Structures are given as C-alpha cells and as structure tokens.
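Form predicted alone, single chain, as structure tokens, below.
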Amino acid sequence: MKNLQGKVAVITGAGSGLGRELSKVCAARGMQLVLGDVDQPGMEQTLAEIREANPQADAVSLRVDVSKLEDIQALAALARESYGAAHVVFNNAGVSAGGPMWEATEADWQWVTGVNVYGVAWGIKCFVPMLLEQGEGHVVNTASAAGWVNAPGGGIYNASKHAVVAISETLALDLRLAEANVGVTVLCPAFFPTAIVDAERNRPDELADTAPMSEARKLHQEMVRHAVMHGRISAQEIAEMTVAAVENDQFYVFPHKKIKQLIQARAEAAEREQDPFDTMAGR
C-alpha cells in the first residue's frame, strides 16, 4: 500500500511502547486511527501525544483484551462504524513471563498465549474478511527474534512468538492462494526499550502470577530488563521501519540485522543434529 494517506490503521497494544510509536507514525502519514489496549490510561496518553503533534489527527479508541474474541469483534465494529473500513491492521499487543519452564504455571501459559497468540488469531479472524471484502489491506503481526531463536528462561514467550511467525507465513500463503490483494508483514525485533518488561501491570487477577521467585527466575528477569532498557534501536525507529514495510509490501522485518546471522547458525545446528542451538553462546 504505497499511499497511506486517509487510510485506516487498527493498532492493538497502542497504550505504550511500540504500539504508541506505530500510532504516531501512522498519524504522521495522515491515517485515521482505531486504537485498542487493555491499558485505558496508557491509550489516552497515546491519543494526547498524537493530538499534541497533530491537532487534526482523527482517532478513536476502545479498551480491549485481545485474548477475547468478542473484544476484537467490538474493535472491528468500531472501525466499521467510525470509518467504514480498516486498511492496515497491526496485531501488536504482547506480554511476557519468564523463568525455567518447569516453574511456569497454568496461568502463565494462559496469559501469554492468550495475548500473544490468540490476540493475533482474533485480529486475523475479525479483520481479514473486511480487507478481502473491500479488495485491499495489509496485516502486520508483531513477532520477535524469539520467534526464530530461543534463549533460556523465555520458554512460553518463545513458543508464542514462534507461533506468530508460523501464523504470519501461513496467512500470507493462504492469501496468495486466494489471489487476494492483501499484504502481510511479520515484525521480528530483538530487544529494544519498551514497556513489555512491566507487562505484569496489566495481568488479569484471575491469571495472577503465582510462580515462585526462584534465583533462576530473578536472574532471567534482571537480564531481560537490562537488555530491553539498553536496546540500541528505539521503538520509534522500529515503528518507522514497520510502516515503511507496509508501503513496500515487505514480508519479513528484522530491525536487528544480527538476528539473521543467528537464524543461519541455528540452521547449521539443525544440520549437525547434535545439540540444541544456544542463542546466548559466546556472549
């Protein structure tokens, strides 16, 4: 979609981090915005920042839990009612829980999978029929470098992001078979400064964190927080890359180029068939 002026962008996870920056970049392109997040105050802050930069920005918002199909159906209805369409759908909301896999609870699996996997699945289910009906559109799914290479301590997150890569590739192939004028992009960044390290603030009470704070879990959390907060590429830069990928009909986006080297090394480990590939080896 070369010209995004006047098109409608739907963005989940818009209340902070990458979602906020995607909202700003889309607004700067002259797009109309439909924003969703479970964090209502955060989303209001996003709207305030957009309108401060561009008082003419046209945006609506809705509090949504992306793990719930009915919430994404309501977001799609809002897009239709407000603008009569949706053109670029950013399935961006994401959370993380870490620690040794044997310490993870059922609630950990339900929470991370619900947001990271079902959030993408429901975005596709609710919006792709709209894109097909209008004859144009683009879907952007936020995956991660963790969708390709696996670091210790992030088992649930890794699994969820591998699923997002698989979903995205399959969606693109399904749309090709359908000869649809709908593009797909899968975003796969490594660590960058974002509020995902504080995702627990939005964790629902019924899926509360009850895993033990073992030394291994504490060490993992400290490592991830340090890596996230010291990321060398900003959320704004990644948002700009991502929207440019939509304009150029680009499927894969790897903001951190070293990840492709790690993917190649993982493929070589698979060829040897001896040991699991260690993403952190040599660091």
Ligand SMILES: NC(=O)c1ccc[n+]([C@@H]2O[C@H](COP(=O)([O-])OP(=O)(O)OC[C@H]3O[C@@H](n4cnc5c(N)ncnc54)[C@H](O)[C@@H]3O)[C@@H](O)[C@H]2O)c1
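Because the structure is a prediction, the values reported are computed rather than measured. A residue's number is simply how far along the shown sequence it sits, counting from 1.
In what follows, reference is made to the form predicted in complex with the ligand, a form of this protein that is not presented.
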Next item on the list: Flag this candidate site as yes only if 138, 172 and 242 all have a heavy atom within 4.5 Å of the ligand in the predicted complex; otherwise mark no.
Entry: no
Next item on the list: Indicate whether residue 98 is a 4.5 Å heavy atom neighbour of the ligand in the predicted complex.
Entry: no
Check: Given that the partner is absent here, does residue 31 sit within 4.5 Å of the ligand in the predicted complex, heavy atoms only?
Finding: no
Notebook entry, point to check: Using 4.5 Å between non-hydrogen atoms, is residue 122 touching the ligand in the predicted complex?
Noted result: no
Next item on the list: Spell out, yes or no, whether the shortest heavy atom distance between residue 127 and the ligand in the predicted complex is within 4.5 Å.
Entry: no
Next item on the list: Would you kindly say which of 148, 118, 83, 191 lies with a heavy atom within 4.5 Å of the ligand in the predicted complex?
Entry: 191
Next item on the list: Answer with one of 47, 228, 57, 253: the residue that has a non-hydrogen atom within 4.5 Å of the ligand in the predicted complex.
Entry: 228
Next item on the list: Could you tell me which stretch in 210 to 218, 244 to 252, 60 to 68, 47 to 55 has residues with non-hydrogen atoms within 4.5 Å of the ligand in the predicted complex?
Entry: 60 to 68
Next item on the list: Quick one: name the residues from 135 to 150 with any non-hydrogen atom within 4.5 angstroms of the ligand in the predicted complex.
Entry: 142, 143, 144
